[in-house]
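Presented as structure tokens, the chain that follows is alone, the form predicted alone.
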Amino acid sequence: MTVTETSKKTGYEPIDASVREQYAKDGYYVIKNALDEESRAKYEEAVDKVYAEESEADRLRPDKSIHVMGYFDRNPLFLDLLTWPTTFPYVWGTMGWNIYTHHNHIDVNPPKDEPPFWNWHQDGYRQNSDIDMEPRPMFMTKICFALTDLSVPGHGQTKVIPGSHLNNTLAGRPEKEGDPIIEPEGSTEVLLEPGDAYIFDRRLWHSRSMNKSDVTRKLMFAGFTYRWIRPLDENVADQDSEWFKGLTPLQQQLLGYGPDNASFWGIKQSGWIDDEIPLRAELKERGLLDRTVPFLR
């Protein structure tokens, strides 16, 4: 996709019903050419700068990797990911308007010769323990932007099991050290060209794979949840800072702002629905609210 093609998109193009159905069925969906090459290169440069800052601060992991959470204030470029025109429709199109980003991270993983490991998990932590129902609610759509080549197996791709988001458990976890590592049935790697992205339901069973290539794996993640759920990252945004006050109302919403507690529940203090919530107001003005879709009413 060229810069010109990206610029033609607004971020408010409705996703097709078939996409929503596939996402509900598989638990993930690949978005080809989410970043045009010029943007991808700029974001890689920005991520490299974050890596250099973490290295300078002696915060690299022992394997020289980083997992930097809450990164949107690290570079002005990152803010654009909140409403990136090729991916934002998949956020509000699968979750609606009462959302914000509560968990974001940059992952940089240099090549590493490591033995097989078991890292299969669902995101959500206590959401997977505190709610006793089958299946559990979705609660989060997460976007992953690939900045490096993940189109060839062995580059540290994310492994997923399509449809597994509807299962609360996954068999095969080793019970003790030394037990054999057995790949779960249905496991597949999400193969991405540089600039591709994918969204996934936080319940999808997934795992990082081993990066045995000669290419450092570089990814940006943005997780969106409902505004009545607390943030996972520390200091998602300093709402008293001049930086935060200079953002647009929609950016402020997507970074966690609300004028009062009722707003987080999508209503005014009176109990009526709040049409002034920035994303709802934008979708309403564009005629994109849809009473046939519960989260877009």
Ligand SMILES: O=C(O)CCC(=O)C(=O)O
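Remember, it's a predicted structure, so these values are computed and weren't measured experimentally. Note that residue numbering begins at 1 and tracks the sequence as displayed.
Not pictured, yet referred to below: the form predicted together with the ligand.
Screening 91 to 99, 116 to 124, 179 to 187, 69 to 77 for residues having heavy atoms within 4.5 Å of the ligand in the predicted complex returns a single hit, 116 to 124. Within this chain, residue 206 lines the site of the ligand in the predicted complex, having a heavy atom no more than 4.5 Å away. With a 4.5 Å cutoff on heavy atoms, residue 218 does not count as touching the ligand in the predicted complex; it lies far away. Under a 4.5 angstroms non-hydrogen atom cutoff, the ligand in the predicted complex has residue 158 among its neighbouring residues. Residue 200 belongs to the set of residues with a heavy atom inside 4.5 Å of the ligand in the predicted complex. With contact defined as any non-hydrogen atom lying within 4.5 angstroms of the ligand in the predicted complex, 105 is the only contacting residue in 102 to 119.
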